[in-house]
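Next up is one chain by itself, shown in structure tokens, the form predicted on its own.
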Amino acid sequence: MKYYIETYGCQMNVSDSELITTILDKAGHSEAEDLDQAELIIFNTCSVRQHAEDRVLGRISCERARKTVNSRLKIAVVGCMAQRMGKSLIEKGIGVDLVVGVDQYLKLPDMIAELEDSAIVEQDSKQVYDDLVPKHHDPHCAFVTIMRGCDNFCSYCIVPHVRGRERSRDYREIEYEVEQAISSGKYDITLLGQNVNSYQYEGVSFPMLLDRLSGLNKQYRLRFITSHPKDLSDELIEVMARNPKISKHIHLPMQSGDSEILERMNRKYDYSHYKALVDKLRRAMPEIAITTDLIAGFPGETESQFENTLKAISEIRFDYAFCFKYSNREGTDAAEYDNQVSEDIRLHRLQRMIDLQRQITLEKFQDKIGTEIEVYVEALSRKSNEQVSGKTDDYKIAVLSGDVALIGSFVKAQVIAATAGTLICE
């Protein structure tokens, strides 16, 4: 069958879609260039927020009409939403034929062969897909999953409930996949895990893994996401500072700047601990960029507690922040908390948070004006065929003059202007 995958959610889902592509290709199926050619549409889904699920349900509704034209067409839902909602996605009668939960992807070929409505959502607590190197779609960058699942059970988060408990991949498998990616011209490698800091395999910790990968005799950049503040060690900071191949950027979700709210979130750190980590990182690497995740309107959050988050944003001055209003997720502890914050207050607080961070981000980008940076060029600019774009070492988007000959190379550039999202270079 010709299949087409639509991916929603985080980088882990992007990586999982590449994994699914590899599994289906090995089974003799082929990827369709567009939806019109597809005999199987696969929605790889996210459940972190209700909005993410609503988008997928809307897309399924749109594509269901194709079945009246193509009687062979099947629609599959995989990933976190499939795990959370299970067979009900078929029973709703919305056009879904196959439902495959997280880490049951090896069973997809058999399910497709049967061509009948079916669902598999039992969690596989050991699956790490050994001996299976995903087909990376991006020609210049690669996501490499180093661990799956999560043990943290933050009170607002559905991820541990749908992705299962933590399990780490063999470091030798990871090294091989990274080497393969580099050999195929992908010089920007991002290691993925729900909490990479807790990686552990046969005595090899996450800092040790980074050290091993930094020793590969190739020019490339090594990134990782996501780091949980409770597990960010001095050893990791030292390894990052010492190895030039490791990007001087860290994504360190704070979620709230109020210690009482952090406790209710079950984050296992308070604001003073988080701020101390930021100070350590900046002492070791003054040039480091720090990005974060923030939630507005967590259950029970008072105005003064929200103000503490705004103060924290102003004090730390993140390079960028992904800001969200709290989304109630059935099955999480926070869904049962008293004092749920009203939608209008959540939206109002979210906008204030975004406005403050947008101004700080603009100032951070403008601070780069006049400096020399190194850009890994990944594509032509969307606005001009006489410009190219790429990422800096500290994970900022840069645009500079040039043509396709620069794509896939590292280029030194001078920053001459900046917006709140792009460095303009020459």
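Each residue number is its position in the shown sequence, starting from 1. None of these values were measured; they are calculated from a predicted model.
The same protein also exists as the form predicted in complex with S-adenosyl-L-homocysteine; that form is not shown, yet it is the one meant from here on.
Enquirer: At 4.5 Å by heavy atoms, is each residue in C157, R267 and F324 next to S-adenosyl-L-homocysteine in the model of the complex?
Expert: Looking in the model of the complex, the three residues C157, R267 and F324 all sit within 4.5 Å of S-adenosyl-L-homocysteine (heavy atoms).
Enquirer: Which single stretch, out of 133-141, 325-333, 213-221, 180-188, brings residue heavy atoms within 4.5 Å of S-adenosyl-L-homocysteine in the model of the complex?
Expert: Only one stretch passes the 4.5 Å heavy-atom test: 325-333.
Enquirer: Give me the residue from S205, Q255, Q104, Q305 that has a heavy atom within 4.5 Å of S-adenosyl-L-homocysteine in the model of the complex.
Expert: Going through each option in turn, the one that passes is Q255.
Enquirer: Have a look at I295, V100, I250, L89 for me and say which one sits with a heavy atom within 4.5 Å of S-adenosyl-L-homocysteine in the model of the complex.
Expert: Selected option: I295.
Enquirer: So, V48 and S-adenosyl-L-homocysteine: in the model of the complex, are they within 4.5 Å at any heavy atom pair?
Expert: Because a heavy atom of V48 falls inside 4.5 Å of S-adenosyl-L-homocysteine in the model of the complex, the answer is yes.
Enquirer: So in the model of the complex, does any heavy atom of S198 sit within 4.5 Å of S-adenosyl-L-homocysteine?
Expert: Looking in the model of the complex, residue contacts with S-adenosyl-L-homocysteine do not include S198, since no heavy atom lies within 4.5 Å.
Enquirer: Considering only heavy atoms, tell me if Q194 and S-adenosyl-L-homocysteine come within 4.5 Å of each other in the model of the complex.
Expert: Flag for Q194 set to yes.
Enquirer: Is S168 one of the residues lying within 4.5 Å of S-adenosyl-L-homocysteine in the model of the complex, judged by heavy atom distances?
Expert: Taking the distances in the model of the complex, the answer for S168 is no, it never comes within 4.5 Å of S-adenosyl-L-homocysteine.
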